[in-house]
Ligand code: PLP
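One chain comes next, on its own, written as C-alpha coordinates: the form predicted alone.
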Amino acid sequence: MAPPKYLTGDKAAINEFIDKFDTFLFDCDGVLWSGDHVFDGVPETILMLKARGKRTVFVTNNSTKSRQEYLKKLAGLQIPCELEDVFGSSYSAAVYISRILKLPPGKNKVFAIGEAGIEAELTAEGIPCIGGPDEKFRRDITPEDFAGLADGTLLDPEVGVVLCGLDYHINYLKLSTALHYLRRGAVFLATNVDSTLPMHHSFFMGAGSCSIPLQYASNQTPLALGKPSQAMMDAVEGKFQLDRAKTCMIGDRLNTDIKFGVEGNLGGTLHVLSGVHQKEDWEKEDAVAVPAYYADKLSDLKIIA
(Lines give C-alpha, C1' and ligand atoms only; values in the text may rest on other atoms or scores of the structure.)
Protein backbone atom coordinates (compact mmCIF):
# COMPACT_ATOMS: atom_id res chain seq x y z
CA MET A 1 0.00 0.00 0.00
CA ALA A 2 1.36 3.42 -0.98
CA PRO A 3 1.81 5.88 1.89
CA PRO A 4 -0.74 8.72 2.13
CA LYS A 5 0.01 11.57 -0.28
CA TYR A 6 0.61 14.92 1.42
CA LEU A 7 -1.31 17.70 -0.35
CA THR A 8 -0.52 20.85 1.65
CA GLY A 9 1.42 23.31 -0.48
CA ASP A 10 1.46 21.11 -3.60
CA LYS A 11 -0.69 22.87 -6.23
CA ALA A 12 -0.36 20.17 -8.85
CA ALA A 13 -1.29 17.40 -6.41
CA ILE A 14 -4.26 19.40 -5.11
CA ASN A 15 -5.56 20.00 -8.64
CA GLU A 16 -5.18 16.33 -9.49
CA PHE A 17 -6.92 15.36 -6.24
CA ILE A 18 -9.93 17.63 -6.82
CA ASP A 19 -10.29 16.61 -10.47
CA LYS A 20 -10.41 12.94 -9.48
CA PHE A 21 -13.73 13.19 -7.61
CA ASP A 22 -17.31 14.28 -8.29
CA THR A 23 -18.52 14.14 -4.68
CA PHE A 24 -16.88 15.05 -1.39
CA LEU A 25 -18.29 13.77 1.91
CA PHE A 26 -17.30 15.98 4.84
CA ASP A 27 -17.15 15.24 8.51
CA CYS A 28 -17.97 18.40 10.47
CA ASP A 29 -16.52 18.53 14.01
CA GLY A 30 -12.74 18.75 13.71
CA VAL A 31 -12.83 19.35 9.94
CA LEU A 32 -15.06 22.37 9.38
CA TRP A 33 -15.15 23.69 12.91
CA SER A 34 -14.38 23.14 16.58
CA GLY A 35 -17.41 23.98 18.70
CA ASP A 36 -18.78 27.24 17.29
CA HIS A 37 -15.44 28.29 15.79
CA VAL A 38 -15.23 27.77 12.04
CA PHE A 39 -11.72 27.04 10.85
CA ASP A 40 -10.15 29.73 8.69
CA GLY A 41 -10.82 29.40 4.98
CA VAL A 42 -13.44 26.64 5.24
CA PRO A 43 -16.36 28.56 3.65
CA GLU A 44 -14.13 29.66 0.77
CA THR A 45 -12.91 26.09 0.26
CA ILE A 46 -16.46 24.72 0.00
CA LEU A 47 -17.36 27.52 -2.42
CA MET A 48 -14.31 26.70 -4.53
CA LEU A 49 -15.29 23.02 -4.75
CA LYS A 50 -18.84 23.92 -5.72
CA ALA A 51 -17.53 26.34 -8.34
CA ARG A 52 -15.61 23.42 -9.84
CA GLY A 53 -18.83 21.43 -10.12
CA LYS A 54 -18.34 19.20 -7.09
CA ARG A 55 -21.14 17.93 -4.88
CA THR A 56 -20.52 18.55 -1.18
CA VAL A 57 -22.31 16.43 1.43
CA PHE A 58 -21.96 16.88 5.19
CA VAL A 59 -21.94 13.51 6.96
CA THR A 60 -21.77 13.94 10.71
CA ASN A 61 -21.88 11.60 13.67
CA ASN A 62 -23.09 14.34 16.03
CA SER A 63 -26.60 13.19 16.93
CA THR A 64 -27.55 16.19 19.07
CA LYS A 65 -28.72 18.29 16.11
CA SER A 66 -31.33 17.60 13.44
CA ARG A 67 -30.62 18.31 9.79
CA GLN A 68 -32.52 21.60 10.11
CA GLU A 69 -30.34 22.62 13.05
CA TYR A 70 -27.18 21.65 11.17
CA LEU A 71 -28.32 23.68 8.18
CA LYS A 72 -28.79 26.67 10.49
CA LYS A 73 -25.32 26.20 11.97
CA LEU A 74 -23.69 25.83 8.56
CA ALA A 75 -25.43 28.96 7.30
CA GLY A 76 -24.43 30.87 10.43
CA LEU A 77 -20.80 29.97 9.78
CA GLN A 78 -21.11 31.08 6.14
CA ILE A 79 -20.67 27.53 4.83
CA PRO A 80 -22.79 27.05 1.68
CA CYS A 81 -25.24 24.19 2.11
CA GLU A 82 -28.78 22.97 1.36
CA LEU A 83 -30.89 20.79 3.65
CA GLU A 84 -30.52 17.87 1.25
CA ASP A 85 -26.72 18.08 1.65
CA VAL A 86 -26.86 17.15 5.36
CA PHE A 87 -26.77 13.52 6.52
CA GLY A 88 -26.45 13.10 10.28
CA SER A 89 -26.38 10.03 12.49
CA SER A 90 -29.80 10.82 14.02
CA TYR A 91 -31.28 10.97 10.52
CA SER A 92 -29.48 7.76 9.59
CA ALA A 93 -30.94 6.01 12.63
CA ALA A 94 -34.45 7.32 11.93
CA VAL A 95 -34.28 6.13 8.31
CA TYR A 96 -33.04 2.71 9.43
CA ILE A 97 -35.85 2.31 12.00
CA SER A 98 -38.62 3.52 9.68
CA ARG A 99 -37.57 1.92 6.40
CA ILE A 100 -35.40 -1.10 7.19
CA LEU A 101 -36.07 -2.39 10.70
CA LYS A 102 -39.17 -4.56 10.77
CA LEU A 103 -40.68 -4.02 14.21
CA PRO A 104 -43.52 -6.29 15.34
CA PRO A 105 -47.01 -4.77 15.71
CA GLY A 106 -47.42 -2.81 18.94
CA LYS A 107 -43.65 -2.38 19.38
CA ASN A 108 -43.00 0.68 17.22
CA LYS A 109 -41.90 3.19 19.86
CA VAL A 110 -38.32 4.23 20.57
CA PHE A 111 -36.82 4.99 23.95
CA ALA A 112 -34.08 7.49 23.19
CA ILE A 113 -31.03 8.56 25.13
CA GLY A 114 -29.99 11.80 23.50
CA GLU A 115 -30.83 15.40 22.74
CA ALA A 116 -33.53 17.13 20.69
CA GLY A 117 -31.91 16.22 17.37
CA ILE A 118 -32.80 12.54 17.83
CA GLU A 119 -36.41 13.32 18.71
CA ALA A 120 -36.77 15.69 15.73
CA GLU A 121 -35.48 13.18 13.19
CA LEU A 122 -37.55 10.30 14.60
CA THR A 123 -40.67 12.49 14.55
CA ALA A 124 -39.96 13.52 10.94
CA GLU A 125 -39.97 9.83 9.98
CA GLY A 126 -43.24 9.21 11.85
CA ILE A 127 -41.62 7.22 14.66
CA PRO A 128 -43.09 7.72 18.15
CA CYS A 129 -40.37 8.51 20.71
CA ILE A 130 -40.14 8.76 24.47
CA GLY A 131 -37.16 9.81 26.56
CA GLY A 132 -34.73 12.01 24.65
CA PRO A 133 -34.94 15.61 25.88
CA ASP A 134 -38.02 14.92 28.04
CA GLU A 135 -37.54 16.74 31.36
CA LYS A 136 -39.19 13.84 33.21
CA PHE A 137 -35.98 11.85 32.79
CA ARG A 138 -33.59 14.67 33.73
CA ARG A 139 -33.60 13.98 37.45
CA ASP A 140 -32.31 11.66 40.15
CA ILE A 141 -33.69 8.15 40.39
CA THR A 142 -36.07 7.46 43.29
CA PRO A 143 -37.01 4.33 45.26
CA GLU A 144 -40.31 4.36 43.36
CA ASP A 145 -38.39 4.31 40.07
CA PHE A 146 -36.40 1.27 41.15
CA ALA A 147 -39.61 -0.57 42.04
CA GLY A 148 -41.52 0.49 38.91
CA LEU A 149 -38.69 -0.44 36.54
CA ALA A 150 -38.20 -3.79 38.23
CA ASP A 151 -41.87 -4.80 37.97
CA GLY A 152 -42.37 -3.10 34.61
CA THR A 153 -45.14 -0.71 35.64
CA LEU A 154 -43.04 2.31 34.60
CA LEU A 155 -42.24 0.84 31.19
CA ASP A 156 -44.17 1.55 27.99
CA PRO A 157 -45.13 -1.85 26.49
CA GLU A 158 -44.97 -0.38 22.96
CA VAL A 159 -41.23 0.38 23.11
CA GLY A 160 -39.36 -1.88 20.71
CA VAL A 161 -36.10 0.04 20.30
CA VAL A 162 -33.52 1.65 22.55
CA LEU A 163 -31.59 4.28 20.60
CA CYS A 164 -28.52 5.79 22.26
CA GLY A 165 -26.81 8.97 21.09
CA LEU A 166 -24.87 11.80 22.68
CA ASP A 167 -26.76 12.99 25.76
CA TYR A 168 -25.62 16.05 27.68
CA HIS A 169 -27.95 15.03 30.52
CA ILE A 170 -27.04 11.35 30.82
CA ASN A 171 -27.97 9.93 34.22
CA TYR A 172 -28.70 6.78 36.18
CA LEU A 173 -32.47 6.97 35.58
CA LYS A 174 -32.10 7.07 31.79
CA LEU A 175 -29.58 4.23 31.71
CA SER A 176 -31.65 2.08 34.07
CA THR A 177 -34.82 2.66 32.06
CA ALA A 178 -33.01 1.75 28.84
CA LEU A 179 -31.54 -1.36 30.47
CA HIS A 180 -34.97 -2.65 31.44
CA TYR A 181 -36.32 -2.13 27.93
CA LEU A 182 -33.37 -4.13 26.61
CA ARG A 183 -33.98 -6.86 29.18
CA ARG A 184 -37.51 -7.10 27.77
CA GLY A 185 -36.28 -7.59 24.21
CA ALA A 186 -35.94 -4.11 22.73
CA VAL A 187 -33.54 -3.72 19.80
CA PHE A 188 -30.34 -1.90 20.81
CA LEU A 189 -29.23 0.81 18.36
CA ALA A 190 -26.70 3.62 18.58
CA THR A 191 -26.55 6.75 16.46
CA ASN A 192 -22.76 6.42 16.62
CA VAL A 193 -20.05 5.19 18.97
CA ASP A 194 -17.48 8.01 18.93
CA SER A 195 -15.59 7.95 22.21
CA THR A 196 -14.99 11.70 22.23
CA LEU A 197 -16.37 14.93 20.78
CA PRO A 198 -13.92 17.64 19.65
CA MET A 199 -15.01 20.98 21.08
CA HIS A 200 -13.26 24.29 21.75
CA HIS A 201 -9.86 22.86 20.76
CA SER A 202 -10.25 20.06 23.33
CA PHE A 203 -12.13 16.76 23.70
CA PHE A 204 -15.28 15.83 25.60
CA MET A 205 -17.37 12.70 26.11
CA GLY A 206 -18.85 11.34 22.86
CA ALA A 207 -21.94 9.26 22.15
CA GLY A 208 -20.00 6.02 22.52
CA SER A 209 -19.07 6.99 26.06
CA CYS A 210 -22.79 7.38 26.83
CA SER A 211 -23.66 3.91 25.52
CA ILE A 212 -20.76 2.00 27.13
CA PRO A 213 -22.44 1.65 30.58
CA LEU A 214 -25.52 0.24 28.88
CA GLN A 215 -23.45 -2.19 26.83
CA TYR A 216 -21.65 -3.34 29.95
CA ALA A 217 -24.85 -3.79 31.98
CA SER A 218 -26.83 -5.52 29.22
CA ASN A 219 -23.95 -7.52 27.72
CA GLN A 220 -25.16 -6.35 24.31
CA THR A 221 -23.46 -4.37 21.56
CA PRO A 222 -25.67 -1.88 19.71
CA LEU A 223 -25.89 -1.66 15.95
CA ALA A 224 -24.24 1.69 15.22
CA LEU A 225 -25.79 3.75 12.43
CA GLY A 226 -23.17 6.49 12.13
CA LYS A 227 -19.68 6.34 10.64
CA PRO A 228 -18.02 3.89 10.07
CA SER A 229 -21.21 1.80 9.78
CA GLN A 230 -21.73 0.61 6.23
CA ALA A 231 -25.47 0.79 6.87
CA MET A 232 -24.92 4.54 6.87
CA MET A 233 -22.80 4.34 3.71
CA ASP A 234 -25.53 2.39 1.93
CA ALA A 235 -28.08 5.01 2.99
CA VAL A 236 -25.86 7.87 1.80
CA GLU A 237 -25.25 6.13 -1.53
CA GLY A 238 -28.96 5.49 -1.99
CA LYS A 239 -29.99 9.03 -1.14
CA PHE A 240 -27.42 10.82 -3.28
CA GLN A 241 -27.01 8.22 -6.05
CA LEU A 242 -23.27 8.75 -5.85
CA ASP A 243 -20.57 6.83 -7.68
CA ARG A 244 -18.36 5.42 -4.94
CA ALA A 245 -15.31 5.37 -7.20
CA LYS A 246 -15.69 9.12 -7.76
CA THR A 247 -16.37 9.97 -4.10
CA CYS A 248 -13.90 11.06 -1.40
CA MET A 249 -14.45 11.07 2.38
CA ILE A 250 -12.78 13.93 4.26
CA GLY A 251 -12.39 13.60 8.02
CA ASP A 252 -10.20 13.90 11.10
CA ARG A 253 -10.82 10.53 12.78
CA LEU A 254 -9.32 7.28 11.53
CA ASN A 255 -11.77 4.99 13.34
CA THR A 256 -14.89 6.75 12.00
CA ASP A 257 -14.29 8.96 8.95
CA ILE A 258 -11.35 7.25 7.24
CA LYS A 259 -12.51 3.73 8.10
CA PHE A 260 -15.96 4.71 6.75
CA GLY A 261 -14.44 5.62 3.40
CA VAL A 262 -12.00 2.69 3.22
CA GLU A 263 -14.58 0.03 4.10
CA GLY A 264 -17.08 1.71 1.80
CA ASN A 265 -14.68 1.28 -1.13
CA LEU A 266 -14.74 4.98 -1.94
CA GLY A 267 -12.34 6.31 -4.53
CA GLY A 268 -10.36 8.17 -1.88
CA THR A 269 -10.05 9.39 1.69
CA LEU A 270 -8.49 12.64 2.90
CA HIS A 271 -7.36 13.05 6.49
CA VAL A 272 -7.01 16.57 7.89
CA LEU A 273 -4.86 17.18 10.94
CA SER A 274 -7.17 19.75 12.56
CA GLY A 275 -9.08 17.32 14.77
CA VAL A 276 -8.74 14.08 16.72
CA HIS A 277 -6.07 11.95 15.01
CA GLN A 278 -2.61 12.87 13.77
CA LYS A 279 -0.05 11.42 11.37
CA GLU A 280 1.52 9.15 13.98
CA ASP A 281 -1.86 7.43 14.48
CA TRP A 282 -1.94 5.93 10.99
CA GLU A 283 1.79 5.19 11.01
CA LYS A 284 1.29 2.65 13.79
CA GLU A 285 1.43 -1.00 12.76
CA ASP A 286 -2.06 -1.59 14.16
CA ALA A 287 -3.63 1.57 12.69
CA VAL A 288 -7.39 1.18 12.37
CA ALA A 289 -7.34 2.81 8.91
CA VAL A 290 -4.89 4.64 6.64
CA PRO A 291 -5.99 7.54 4.41
CA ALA A 292 -5.07 7.92 0.76
CA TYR A 293 -4.30 11.64 1.20
CA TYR A 294 -3.68 14.04 4.04
CA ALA A 295 -3.41 17.78 4.60
CA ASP A 296 -2.77 20.05 7.55
CA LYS A 297 -6.24 21.58 7.28
CA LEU A 298 -9.16 21.66 4.87
CA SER A 299 -8.46 25.17 3.60
CA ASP A 300 -5.13 23.97 2.20
CA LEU A 301 -7.17 22.73 -0.76
CA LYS A 302 -7.99 26.27 -1.87
CA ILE A 303 -4.36 27.14 -2.61
CA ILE A 304 -5.11 26.50 -6.29
CA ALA A 305 -7.84 29.16 -6.44
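We call the rigid core the largest set of C-alpha positions that still match within 1.5 Å between the two forms. Small disclaimer: the values here were computed from a predicted structure and weren't measured. So that there is no doubt, residue numbering starts at 1 and follows the sequence shown.
Another form, the form predicted together with the ligand, is not on view; read the next lines as being about it.
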request  = Kindly check, after superposition on the C-alphas around the site, whether the ligand taken in the model of the complex would be blocked here (3 or more of its atoms within 2.4 Å of a backbone or C-beta atom) or open?
outcome  = open
Location of the ligand contact in the model of the complex, chosen stretch of 266-274, 233-241, 28-36, 42-50 [non-hydrogen atom, 4.5 Å] = 28-36
query = For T60, is any heavy atom within 4.5 Å of the ligand in the model of the complex, or not?
reply = yes
inquiry  = When the contact criterion is heavy atoms within 4.5 Å, does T64 count as touching the ligand in the model of the complex?
reply    = yes
task = Considering only heavy atoms, tell me if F204 and the ligand come within 4.5 Å of each other in the model of the complex.
result = no
query = Is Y168 one of the residues lying within 4.5 Å of the ligand in the model of the complex, judged by heavy atom distances?
reply = yes
note = Contact with the ligand in the model of the complex, heavy atom within 4.5 Å, among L175, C81, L197, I127 goes to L197
note = Checked 226-248 against the ligand in the model of the complex; residues with a heavy atom within 4.5 Å, sequence order, are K227
key: Is_shifted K136 between the shown form and the other one (CA, 2 Å cut-off, rigid core)   = no
key: C-alpha of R99 moved at least 2 Å between the shown form and the other one on rigid core   = no
